[in-house]
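In the block that follows, a single chain appears as structure tokens, in the form predicted alone.
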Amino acid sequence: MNLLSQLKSNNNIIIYGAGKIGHLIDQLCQENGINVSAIWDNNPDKVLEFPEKERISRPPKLSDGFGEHNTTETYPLFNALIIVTMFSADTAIKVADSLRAHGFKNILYERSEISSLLIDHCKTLSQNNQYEFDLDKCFICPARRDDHIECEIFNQQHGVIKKETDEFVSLPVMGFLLTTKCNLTCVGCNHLRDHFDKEDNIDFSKDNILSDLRKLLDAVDFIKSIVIVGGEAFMHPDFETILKKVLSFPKIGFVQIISNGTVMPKGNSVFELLSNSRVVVEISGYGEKPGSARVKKRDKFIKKLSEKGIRFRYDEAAQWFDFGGFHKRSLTTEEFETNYKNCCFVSNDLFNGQLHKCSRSAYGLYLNKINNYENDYVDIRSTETNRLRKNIKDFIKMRPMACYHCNGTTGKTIPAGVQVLKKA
């Protein structure tokens, strides 16, 4: 019995987490006639994904015996299947452990299990000739970022059939880093902008980075999504040419462009490319006060995207993870593994001819903040083509030493978007 069948056989479902994945699970339940008894979220006032906010409530306080109920067992939904949908694996585990400690037994929280559930749903729709490809849903689906599972439905939609005679080599996501330049210098930037000096800034040659991408594509079977980013990607002088070429390459699912929304691309031809059905523009918001210069620029950009019918998402964040300094941590083997497994930022970044696990590894090496661990990355430019496929297969499985120089996503948080006084 697959996971979807298990859900259908359960009369009570509780969704814990009303974010993007929680919304997908709720839609899945509605489409399959599965009863959702409750939707819990620790911060219901900040929920953006659910149109029916009245359905969302805070979880009962476990420590209080569920209010008027003397024990957990007397709680009416005690036997419900609780689906924990937090994307952070570490947070999901902590929530699941807390629920178990208070007697709940039916808990689904593993990333790959959530991915499998969503894939089962799409397979069922496909078998019944009811499946319609929806990039908006695929974009937020955790299955497309899961390197332990392949969604055959998604792959087939992009003309990719898994080979039976050869091990399938696929990257769930790949960051395509064009430039180190950005018009903002945020403290705690994932791309280390607050550590850049003026002389560190560079726009990488379009010929070099496109050659790197072409060579990498020749060595793999599929890249589910390419994330074009900087710095600020729209600041690259050849952005339009690069995007047009990327969209012409085979073996790429869709293209995501991450922007802070304050740099307006010039020319209608750029917006025509952005309106491609395979493109999603994601705008990062940092909770600025209404009326600020950044907000005005961002609102103008969003209005332009809306007018042109371009698919975009606005992702507000009041806090970021604090990845900490670059000193080497004294981590046990178990802590090191946990650091990597629970990280939300493994993005397989192609940067200056090298394929790194994350931007901290790529930029940290570039700025000499992290040691040159040669096994942490694949040197695309210098590797012979006939060896590249094997090196990428090994890369997918390995754990980078750069994780010893990072707090990961289990540490404290910092306010998002705070600017350093000195601009690089």
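Just so it is clear, the model here is predicted, and its values are computed rather than measured. Numbering starts at 1 and runs along the sequence shown.
Quick note: we don't show the form predicted in complex with a small molecule, though the next part is all about it.
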With the small molecule left out here, work out from 251-259, 268-276, 78-86, 218-226 which stretch has heavy atoms within 4.5 Å of it in the predicted complex.
251-259
Within 4.5 Å, heavy atoms only: does Gly231 come near the small molecule in the predicted complex?
yes
Taking heavy atoms and a 4.5 Å cut-off, does Cys189 contact the small molecule in the predicted complex?
yes
Within a 4.5 Å heavy atom cut-off, is Phe239 in contact with the small molecule in the predicted complex?
no
The small molecule contact in the predicted complex: Phe301, any heavy atom under 4.5 Å:
no
The listed residue (Ser116, Gln354, Asn155, Ser284) that reaches within 4.5 Å of the small molecule in the predicted complex by any heavy atom is Ser284
Could you spot which one of Phe326, Tyr314, Phe345, Phe133 gets a heavy atom to within 4.5 Å of the small molecule in the predicted complex?
Phe345
